[in-house]
Structure formats: C-alpha cells, structure tokens
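The chain below stands alone, shown as structure tokens; this is the form predicted on its own.
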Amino acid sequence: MTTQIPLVTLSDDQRDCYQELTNVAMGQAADRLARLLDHYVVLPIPRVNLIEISDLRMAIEGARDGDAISAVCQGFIGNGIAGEALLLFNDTSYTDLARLAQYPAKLTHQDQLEMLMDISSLLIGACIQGIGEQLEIHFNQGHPVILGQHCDLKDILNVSHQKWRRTLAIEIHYTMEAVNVNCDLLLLFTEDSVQRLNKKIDYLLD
C-alpha cells in the first residue's frame, strides 16, 4: 500500500512571508546589477503562488510578451530543499545592455552568450543566496544551462518541464529605468521542498 503524499498548501501569512523574503533577496540582486551596469534597476513586487504544474505554462506565458527570448535554467539544492531558477531574457534588451556593459556596438554570438550567462549568474545567484541566508539554508547551485537563444517561448516551454504535481513559483520582473532592458526570473521549488520551506516560514511567523 503506497502512502499518498499530502497536497501542499499556502496560507496568506506564508505567502506574505515568502514575498518579504524575496523582496530582500531581489533587492540584493538588483543592487549588484545596478553596480555592474551603473544604472538604476526598477524593483517590482514579486508574485508568489502555489500552482499546479499544469498551470506553469500559463504562468510563464503571462510573464512574457510575443518577442523572441533567450532562457537560462539553473538548479539548486540545500537542506533537502530543491528547485530550479529560470531566467527569461527579452532579445530586444541586448542592444541597450551591451551599451551599459561597454561591449562593442556590434555584438557577436559569443558576446551575447557571455552577457546572458553573466546576467543569469548574477541575478540567480544573488536571489538564491539571499533567500537562503534569511532561512539559514546553504544552497548549492548547479551549472547554468542555456535552454534556447532567440527563440519563441513555446520552444522554451517544450524543453522546460517538470514531473511535480505542484510548485511554489516566485516570479520577479526586472526592468531598468529609461532603457530597454528587461527579464523575468522564476524560482520554482519542488513540491516536497515546499513542505520543508513552510515549516521554516512558520517558525519565522511564530
């Protein structure tokens, strides 16, 4: 007889706490990006939702418009808590980003790849580290993987799929003031990780 794993849930207080933790972490990431590019980063309110994995496609589609994108995925794990970070980078951002990062006016494919990996490592690393520090979790991060460059979102979604029933999805939309630079960072925690995370969140709420 197999034991049915309880379906994880998320209370309003827990969601608010996740949002506060993410606010701090994304602020740290934005500060690093602003220092790197010497430009102000606009901070949004992060969206925190516990969603059915079948609805993940709609969540990702809602974060992007019809422009071509590039995407990077990076896994992380620590203290029995695991997940993946997915960065969706709007291809129209390359020109302004190259100027801010002082790259040549005419970007080679290698230049674009290097910028994409640099931004991904900075934003993903800072956010994961920031959340981990607040929850006293040391996350080990895997190697970033390019899911696609200059492609349609549907192509990315066909590559990025999970077998979980539910996932805790934290969505962060980064933009920069007065320039066309924007990207979306999604932190996706596995279903069994949410149970462990909720216990840590409840401890903070007590």
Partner chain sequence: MATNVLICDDSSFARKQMARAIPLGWEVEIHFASDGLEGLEAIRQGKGEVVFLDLTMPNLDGYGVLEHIRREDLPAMVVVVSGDIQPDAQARVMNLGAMAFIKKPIDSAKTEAVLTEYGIMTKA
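Numbering follows the first chain given and starts at 1. Keep in mind the model is a prediction, meaning the values are calculated, not measured.
Here the subject shifts to the form predicted in complex with the partner chain, a form of this protein not shown in this document.
With respect to the partner chain in the predicted complex, the three residues D96, K106 and A126 uniformly fall beyond 4.5 angstroms at the level of their nearest heavy atom. When the partner chain is considered in the predicted complex, I45 lines it closely, a heavy atom lying within 4.5 Å. The partner chain in the predicted complex is approached by E20, whose closest heavy atom lies within 4.5 angstroms of it. The partner chain is not shown here, and in the predicted complex it never comes within 4.5 Å of any heavy atom of G148. Although the partner is absent here, A30 sits close enough that one of its heavy atoms falls within 4.5 Å of the partner chain in the predicted complex. Contacts between stretch 184-206 and the partner chain, counted in the predicted complex as any heavy atom lying within 4.5 Å, involve L204, L205, D206, listed in sequence order.
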